[in-house]
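To begin, one chain is listed below as structure tokens, in the form predicted on its own.
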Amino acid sequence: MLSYIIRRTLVSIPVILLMAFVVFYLIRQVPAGPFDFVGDRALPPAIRENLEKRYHLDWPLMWQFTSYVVGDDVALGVCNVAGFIPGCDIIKETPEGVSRGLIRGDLGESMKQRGRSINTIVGNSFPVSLQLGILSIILGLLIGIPAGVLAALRQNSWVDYLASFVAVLGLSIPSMVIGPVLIVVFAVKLGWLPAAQWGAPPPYTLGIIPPLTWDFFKHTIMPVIALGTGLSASIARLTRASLLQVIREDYIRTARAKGLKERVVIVRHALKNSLIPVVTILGPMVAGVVTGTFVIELIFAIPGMGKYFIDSITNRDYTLITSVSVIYGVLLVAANMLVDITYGWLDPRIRLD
């Protein structure tokens, strides 16, 4: 197992770097740069030129990416040793750096939010999105898996039809509709829950664990329900379809013929194998939800990462766009690795080594 994790990690490093370079390159092909305008006003050419030099946008693209990955000091050191490399003459003229490099845990400095590092932005917003994502996925699993199992075991009964109807309803109604409805009913009309904000601001224990108080949970109830219901609908439909296929297998009939209790047959033999498709979709689902759901965070005024996905693109904040994409890529790789490891637990026939 350890060798598999190490091998997957080593293979993932060039994949993440390639993804970062693609984002790094493509965003620079979009018309207008981060310093062309401030609000609705165009910056004077002299000021724009100074700002571009400050963030090394006058460097060749490959040197910009090298600086982002390994740091300005390394790029300068390479040019001092091998000054014949194209672009080194520009680098030697601007030795002051703004980044220590991705490999040293420095995500750089925001080009639009002056004086704020990407590490600070991510450190304040990512834990909030992580809490929202984890709670929503837990709710989706707690509702979706039992609903899918009941629908499969009571196929073509009123339970199956009701579960299928609710699942289709959950998939059809987007979270941008569920959220405002919850606010109107439980916050405005009944006054039971707060309409917006998050329960506890950072810092958190271990960086992500908030104080588990009622004040925290009452702020999370509506956003988690709005986001988790759609997830539970997808999980329920997939669990039902997979379990219906598994319970018709020969080994399930053999287990029943041996006289095992129906609960043992379903839980120990059928359910584990039927969860493999569910676990498969959880990989990208976890990465997508944890990195922030812009609509839910906007509706409930949650200070998560979702808005940075949007704001960084509209503001042409090159460093923030690349860094947020790298975080998403790392989460996606880690979630898929965890999914593959879970395969081996659900089905002993699957070998990772």
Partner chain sequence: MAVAQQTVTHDHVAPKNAKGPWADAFTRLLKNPAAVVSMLFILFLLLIAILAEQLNPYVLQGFSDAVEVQPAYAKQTLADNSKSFGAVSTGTTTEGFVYWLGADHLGRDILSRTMYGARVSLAVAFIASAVSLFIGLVYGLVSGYAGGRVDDLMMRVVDLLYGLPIIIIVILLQVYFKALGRQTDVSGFVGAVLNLNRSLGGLLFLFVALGALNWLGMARIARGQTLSYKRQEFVEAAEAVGATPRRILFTHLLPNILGPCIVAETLAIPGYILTEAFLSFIGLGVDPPTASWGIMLNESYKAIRSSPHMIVGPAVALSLTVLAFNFLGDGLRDVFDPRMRE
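The model shown is predicted, which means the values in this text are computed figures rather than measured ones. Residue numbers count along the first chain shown, from 1. Definition used throughout: the rigid core is the maximal C-alpha set that superposes within 1.5 Å between two forms.
Below: the form predicted in complex with the partner chain, not depicted.
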Is the partner chain in the predicted bound form close enough to P31, L169 and I173 that every residue in that trio has a heavy atom within 4.5 angstroms of it? yes
Per contact check vs the partner chain in the predicted bound form (non-hydrogen atom within 4.5 angstroms), the hit among 131 to 139, 103 to 111, 212 to 220, 175 to 183 is 175 to 183
Could you tell me if S325 has a non-hydrogen atom within 4.5 Å of the partner chain in the predicted bound form? yes
With heavy atoms only and a cut-off of 4.5 Å, decide whether R316 touches the partner chain in the predicted bound form. yes
Do W158 and the partner chain share at least one heavy atom pair within 4.5 Å in the predicted bound form? no
Does the 4.5 Å heavy atom contact test between I341 and the partner chain in the predicted bound form come out positive? no
The unique member of V295, I47, A42, M62 whose heavy atoms fall within 4.5 Å of the partner chain in the predicted bound form: V295
Select from the listed residues L150, A195, A200, I121 the one whose heavy atoms reach within 4.5 Å of the partner chain in the predicted bound form. A195
Heavy atom within 4.5 Å of the partner chain in the predicted bound form - qualifying residues of 295 to 310: V295, L298, I299, F309, I310
Core-aligned C-alpha movement of P194 between the shown form and the other one, 2 Å or more: yes
